[in-house]
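Below you will find one chain, with nothing else, as structure tokens; this is the form predicted alone, and questions on how it binds or moves follow later.
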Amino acid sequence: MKCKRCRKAAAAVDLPSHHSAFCPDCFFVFFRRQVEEGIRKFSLLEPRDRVLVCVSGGKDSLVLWDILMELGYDTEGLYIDLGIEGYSDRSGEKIAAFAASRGKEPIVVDLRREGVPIPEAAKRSRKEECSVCGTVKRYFFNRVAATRGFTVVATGHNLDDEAARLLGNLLHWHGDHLERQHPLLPGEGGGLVRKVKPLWRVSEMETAAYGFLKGIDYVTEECPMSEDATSLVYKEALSLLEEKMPGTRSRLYMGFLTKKGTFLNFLTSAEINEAPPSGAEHPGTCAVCGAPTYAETCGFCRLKEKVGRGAVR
């Protein structure tokens, strides 16, 4: 099969959802344009931004860091060592090697030193690992960005991630989550930094193909704490639909973004939690660590109290 763009080279990447197949060089052009369009459509990034890219060692986050550097953005990588024996060490090694090859050095937060390694924190708090991990990551994403002068936090969530999250929120009618689901979460007064998802238009397969063709060495194993994650069930369901009806993920998520305002009008104000929990326009500060929060103490500090390791320094 010939590349549908240049009509010369053999196709290396088949994309049924786009009715296309590309050779490596043309696929890079396609991928770059998809990311650029995703950034442009919602004004996710500006040329003057300092971008904190949250990297896990997996394909999506390293591909994101690579493409943003290629597009000329001022970026640094943040790695949060989750304290998962073996897995976290291997992830850190991949990130360090990737960064060094590009003249960078990642910012590292070690959760063992912070007193909240995810396996122990989940066990002591009696919460699901992914829930605990999300709370801790969001806390440090914002804290590192705010204290180091970054204007935006970027994560590697791709189309598969966002479509699966949307399906889960719809199945359970999580109105408050639907209200917040978007590639852009604006910053707020009180120290909340803007958060963006520049890969929202590209699929997991496309990021994997980009990483492979670019020679990016990433962790291929899934996080051992995510074996029972419900998001994997939603991804599997969408994969079955995508196989039979290519483009399903894209139509689901992009259709939601297009009609989001109209759709949310069907939900009551109570369901979408229009006002912050405190009723305040902007968050206050945590009584323990000073982080932005609508409660007296932030979720991270409440979690750390349950773990029994004392207050955040």
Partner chain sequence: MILVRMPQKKKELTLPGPKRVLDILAAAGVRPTTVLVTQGTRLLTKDQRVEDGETVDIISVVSGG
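Residue numbers count along the first chain shown, from 1. What you see is a predicted model; the values in this text were computed from it and never measured.
We do not show the form predicted in complex with its partner chain, though everything after this point is about it.
(request) Have a look at 217, 93, 110, 222 for me and say which one sits with a heavy atom within 4.5 Å of its partner chain in the model of the complex. (result) Looking at 217, 93, 110, 222 one by one, just 222 meets the 4.5 Å heavy-atom criterion.
(request) Just give me the single entry in 213, 167, 184, 99 that has a non-hydrogen atom within 4.5 angstroms of its partner chain in the model of the complex. (result) Among 213, 167, 184, 99, a heavy atom within 4.5 Å of its partner chain in the model of the complex occurs only for 213.
(request) Could you tell me which of 200 to 208, 115 to 123, 143 to 151, 75 to 83 sits within 4.5 Å of its partner chain in the model of the complex, going by non-hydrogen atoms? (result) Heavy-atom contact with the partner occurs in 200 to 208.
(message) With a cut-off of 4.5 Å between heavy atoms, is residue 235 one of the residues that contacts its partner chain in the model of the complex?
(response) Result yes; residue 235 sits at the interface with its partner chain in the model of the complex.
(request) Would you check, heavy atoms only and a 4.5 Å threshold, whether residue 171 touches its partner chain in the model of the complex? (result) It does not: once its partner chain is placed as it appears in the model of the complex, residue 171 has no heavy atom within 4.5 Å of it.
(message) Is it the case that residue 289, even though its partner is missing from this view, gets within 4.5 Å of its partner chain in the model of the complex, heavy atoms only?
(response) Residue 289: no contact with its partner chain in the model of the complex.
(message) My question is simply whether residue 11 lines the interface with its partner chain in the model of the complex - judged by any non-hydrogen atom within 4.5 Å.
(response) Judged by the heavy-atom cut-off of 4.5 Å, residue 11 is in contact with its partner chain in the model of the complex.
(message) At 4.5 Å by heavy atoms, is each residue in 1, 59 and 243 next to its partner chain in the model of the complex?
(response) Yes, the whole candidate spot contacts its partner chain.
(message) With its partner chain taken in the model of the complex, which residues across 149 to 176 come within 4.5 angstroms through any non-hydrogen atom?
(response) Result: 161 alone.
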